[in-house]
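What follows is one chain in structure tokens, specifically the form predicted alone.
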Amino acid sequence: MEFAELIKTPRVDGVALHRPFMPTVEGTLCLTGHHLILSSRQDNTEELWLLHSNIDSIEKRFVGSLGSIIVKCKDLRMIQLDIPGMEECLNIASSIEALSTLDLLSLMYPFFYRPMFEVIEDGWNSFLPEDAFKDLESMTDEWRLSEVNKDFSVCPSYPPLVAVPKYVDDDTLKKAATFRHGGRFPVLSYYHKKNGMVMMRAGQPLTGTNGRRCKEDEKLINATLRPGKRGYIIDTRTINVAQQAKARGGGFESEANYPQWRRIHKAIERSNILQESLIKLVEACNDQSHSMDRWLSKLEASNWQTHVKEILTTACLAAQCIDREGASVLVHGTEGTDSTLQVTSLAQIILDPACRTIRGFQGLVEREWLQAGHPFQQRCAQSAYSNSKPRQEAPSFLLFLDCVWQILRQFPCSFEFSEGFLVLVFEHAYASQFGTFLGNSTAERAKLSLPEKTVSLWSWVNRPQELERLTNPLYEANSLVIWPSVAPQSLLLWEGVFLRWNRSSKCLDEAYEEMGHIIAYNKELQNKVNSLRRQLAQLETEDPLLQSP
């Protein structure tokens, strides 16, 4: 298919662009296969380059012969284009709708994008499972890297290489896979260096109403326990939801078959509930009524902060079992691709200081989200403004990033990356020139040859100038476990995402810049102090009379 077939009017002159907190720009609107571009001949005006894949929905309005298109974006931005001529406006609107809803992945912009920067490090090769396993091998010899899924036949949503207990063979893994939802048999998620405890993740067991059991599954998860030790199974569903799953062939681990494991149920909501919550939250943030009661009731009705609290509470529980109880943990919900990954990745942010560095966080997103089979293509197909009925969309990853921001806000010196890095990752998960978040699994990415045909987001992020921009100036390496507060009073609305386009960031930007200057000046003074101390020490060794009493 040619993009030209979808573009009825490729350019229109005299278009006015209105954006929040920015002056109106008049210029020429151009539509290409992947971008909506507005350029102006005015001096000091910024061009607009908007990816069609970033457009969630549009609204058309007409006053006489003047048409307006309100463009609502997946990054929650709203812009208005005033287009002279009704026909031109209708043509542009229908072209945008067609170009922003293309389903064929091979037509997406990452396949056409050619970087203007030098690729110093290929991000596709930066976080391979075999490299992560080398780090594990340096700490323990109790695990092995299995190729049981090398052709994706055992579990379509797992990567070709997975870490499993050393003395569990591949035949056992295959049989355990038939007993878990989507073939997602228990695999290693995290090894806690301090005490050798582990966190594993899986899909729900397929016990059904007959109470089916699987000896191989029992053997697999028991192989992670130390002699005389018990483990915890954290089920991200309420007991009622887990019970109902039995009628559909799912279920949970029974105490009789897993006597060494204690099961704990939590209440993280399913995808469709989370999507509704996001829509309500964004609607509340865009409410222009200026009524305090209305704002607070809408914010509460969205339940967003309740979801943040539930996820953080469950992650803290998993971290507590590992670090304080000295017990291994298995985490699962239903599919094992949403709430499970939120919990395992946040627990690692709490427990592992390496995950709080820029590079460590990238590795975490790769391991626990991309390689672990979170279906980004489905979940991020729509954001909060889409008019079409939600299918499998859900802000699971955005909720994870929100939880990370909550911890970053409580421990501002313990993270190497700034809030801006989290916002950038959110934006690229929903629409990007990079191929990192395309597809729903490693199998899909391999089939599309993404590493060969597209550029990785990490190739761009890991350049010195970008790293400098995304680094937290307050960072001081902290090797300790950090325990965030999950009290409602401690959890705030993430303004950097949800109110970003509703209020000017000028004052905050200036304050952040000033903070950078103060920190740089402090370092300069510290260096002077150290230099003077060295000079004094040298003088004291040369002249004994100068020595302190």
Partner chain sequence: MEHIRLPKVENVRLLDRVSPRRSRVGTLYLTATHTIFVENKTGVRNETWVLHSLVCSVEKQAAAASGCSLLIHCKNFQVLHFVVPREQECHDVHLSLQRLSQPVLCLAERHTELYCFSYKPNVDEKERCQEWDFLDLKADYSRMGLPNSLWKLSPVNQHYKVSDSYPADLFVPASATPPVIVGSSKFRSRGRFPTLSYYSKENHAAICRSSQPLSGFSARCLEDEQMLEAILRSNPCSDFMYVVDTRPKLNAIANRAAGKGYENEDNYSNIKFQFIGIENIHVMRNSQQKMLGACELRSPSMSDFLEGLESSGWLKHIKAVLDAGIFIAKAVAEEGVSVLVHCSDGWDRTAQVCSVACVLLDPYYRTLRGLMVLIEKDWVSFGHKFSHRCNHLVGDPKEVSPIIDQFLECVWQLMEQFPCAFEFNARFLITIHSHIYSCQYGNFIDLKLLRERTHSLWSYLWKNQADYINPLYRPDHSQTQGLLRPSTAPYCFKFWRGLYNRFDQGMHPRQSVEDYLRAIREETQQLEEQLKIAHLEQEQEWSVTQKAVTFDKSPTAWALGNDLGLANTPQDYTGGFITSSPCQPKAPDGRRILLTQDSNQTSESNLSSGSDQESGIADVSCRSPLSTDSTRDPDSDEAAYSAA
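Positions refer to the first chain, counted from 1. Owing to the predicted nature of the structure, the values given are computational and were not obtained by experimental measurement. Rigid core (definition): largest C-alpha set, two forms, superposition within 1.5 Å.
Only in words, not in the display: the form predicted together with the partner chain, which the text now covers.
4.5 angstroms heavy atom contact with the partner chain in the model of the complex for residue 479:
Taking the distances in the model of the complex, the answer for residue 479 is yes, it comes within 4.5 Å of the partner chain.
Does the partner chain get within 4.5 angstroms of any non-hydrogen atom of residue 166 in the model of the complex?
Residue-level check for residue 166: no, no contact with the partner chain.
Does the partner chain get within 4.5 angstroms of any non-hydrogen atom of residue 292 in the model of the complex?
Residue-level check for residue 292: yes, a contact with the partner chain.
Whether residue 371 contacts the partner chain in the model of the complex should be assessed with a 4.5 Å heavy atom distance threshold; does it?
Residue-level check for residue 371: no, no contact with the partner chain.
Would the partner chain in the model of the complex be within 4.5 angstroms of a non-hydrogen atom of every residue among 60, 84 and 381?
No: no residue has a heavy atom within 4.5 Å of the partner.
Which one of these stretches, 46 to 54, 479 to 487, 31 to 39, 62 to 70, sits within 4.5 Å of the partner chain in the model of the complex when only heavy atoms are counted?
Correct option: 479 to 487.
Would you mind picking the one in 271, 377, 305, 146 that has a heavy atom within 4.5 Å of the partner chain in the model of the complex?
Of the candidates 271, 377, 305, 146, 305 is the one lying within 4.5 Å of the partner chain in the model of the complex.
Going through 186 to 212, which residues have a heavy atom within 4.5 Å of the partner chain in the model of the complex? Please give them in sequence order.
Contacting residue: only 194.
At a 2 Å cut-off on C-alpha positions, does residue 536 qualify as shifted between the shown form and the other one after fitting the rigid core?
Yes; that C-alpha moves by at least 2 Å between the shown form and the other one.
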